[in-house]
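So this first bit is one chain, no partners, the form predicted on its own, shown in structure tokens.
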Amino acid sequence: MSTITPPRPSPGTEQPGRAAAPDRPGSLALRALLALAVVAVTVFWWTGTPSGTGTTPGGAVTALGELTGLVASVLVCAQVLLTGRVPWFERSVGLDRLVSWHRTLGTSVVLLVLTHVLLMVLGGALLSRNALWSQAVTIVTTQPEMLSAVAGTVLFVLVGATSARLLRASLSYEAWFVVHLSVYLGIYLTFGHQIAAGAHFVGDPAARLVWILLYAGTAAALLTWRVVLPLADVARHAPRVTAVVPEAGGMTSVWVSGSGLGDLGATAGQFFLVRFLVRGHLVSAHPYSVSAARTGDHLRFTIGALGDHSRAVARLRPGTRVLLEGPFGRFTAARARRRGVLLIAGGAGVGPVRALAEELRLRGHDVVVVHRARSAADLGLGGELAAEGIDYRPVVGRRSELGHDPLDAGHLVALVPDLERRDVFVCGPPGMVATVVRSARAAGVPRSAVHHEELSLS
């Protein structure tokens, strides 16, 4: 296998990453935009509902059913846009938080859709004095586009159920991803019913046009940033695997090179959604962090053997074409506001930490790296960190063997006595990250100086 010695620019030539923008104003703006959309659709419902509708129980229940349906429809568009790779959203909030909001909205949408169905059936039954089951059959058989709407609703429920923690844990990422894709079919199947049977759209061409533009705009954004632009980048940069290097701890470093990859502006600590265009990797993209700083037209991803997909990475061959989306993320050197910085890595989290350590050192920061591992054999990339002249402090051993957690507040302060005067970056398994966050806060590190980022997109 070939090796790569990437170019190393001199200190001071680094460019700020896209994640440097503060996330709080963007987060508030996006929340306000979402709230405004819900308010707007509520006003639309209120003004379009006849004044006498609420005078009977059946009319009131039906009207509320129409409102829940409209709100669910708007939130579906918002949910799609949150993970549509829209640059302004990602730069303002960060992809990890967008995915978290996407999950939360997903639960809300499913509950609203089911509430909409229940209220429409109940309201119709009260108005017509039919039994609930009889009214449900009447709605399905008499209203336009209802059979497709029922099929779409079933898909929404299926996607929601497989995203629940219990079922999600029993599915492979690939299986979950394929099921998750069916939500787009569900949106398509329910849209016709909204336009053809929605009380606020029948007989109101202007309202129908606005609704169609809402969905068309959402689809256009999705196709642009998740399909067209990534494919254009593949054509322009032609990225390929150029080396596959085994690392300690069962990890694998994959070097990807392509014409002008440096123009993507990736900075240490950011990640790409990577799809290797070879059998076994085509179904889905996975988030992998850059593990080497400032490498020109080369990118290195160091990947832990955490599942079938990541283990198969070790069998990739040089020349394999790659589809890259990104860079994403705010886990960057630009977030450090203090001269002293503590980086804590565990597992595959050493990849972004290794890149960040080099970046921060070149920026003039006093860098300490704590590397948590079960054994010395698991200290992947540790040799590189030590060779860089960085203050590298491996912490080896299982908690059961050590008799304590070396990352709890007391032991972490003993290991890094000036902890409270440093920015703290942590990347590793969720349990380890949670422990470090608690320890840093207990040691007096302000919340704004503790940085971590979730890479899971499921």
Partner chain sequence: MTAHRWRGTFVYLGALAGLAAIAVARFGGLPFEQAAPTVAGSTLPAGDTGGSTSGSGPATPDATTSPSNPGTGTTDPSTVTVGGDVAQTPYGPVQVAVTFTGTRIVDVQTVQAPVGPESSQIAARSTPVLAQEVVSAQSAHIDTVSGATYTSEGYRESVQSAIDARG
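Note that the coordinates shown come from a computational prediction; the quantities given were computed from them, not determined experimentally. Residue numbers count along the first chain shown, from 1.
Quick note: we don't show the form predicted together with the partner chain, though the next part is all about it.
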{"query": "409, 63, 29, 396 - the one with a heavy atom within 4.5 Å of the partner chain in the predicted bound form", "finding": "63"}
{"query": "Proximity to the partner chain in the predicted bound form, single hit among 172, 148, 143, 310 (heavy atom within 4.5 Å)", "finding": "143"}
{"query": "Site test, 248, 333 and 389 vs the partner chain in the predicted bound form, non-hydrogen atom cutoff 4.5 Å", "finding": "no"}
{"query": "Contact test in the predicted bound form: residue 152 vs the partner chain, heavy atoms, 4.5 Å", "finding": "no"}
{"query": "Distance check, residue 370 to the partner chain in the predicted bound form, heavy atom within 4.5 Å", "finding": "no"}
{"query": "Proximity of residue 228 to the partner chain in the predicted bound form, heavy atoms at 4.5 Å", "finding": "no"}
{"query": "Residue 124 within 4.5 Å of the partner chain in the predicted bound form, heavy atoms", "finding": "yes"}
{"query": "The partner chain in the predicted bound form: contacting segment from 152-160, 237-245, 250-258, 191-199, heavy atom within 4.5 Å", "finding": "191-199"}
{"query": "Contacts with the partner chain in the predicted bound form, stretch 72-99 (heavy atom within 4.5 Å)", "finding": "none"}
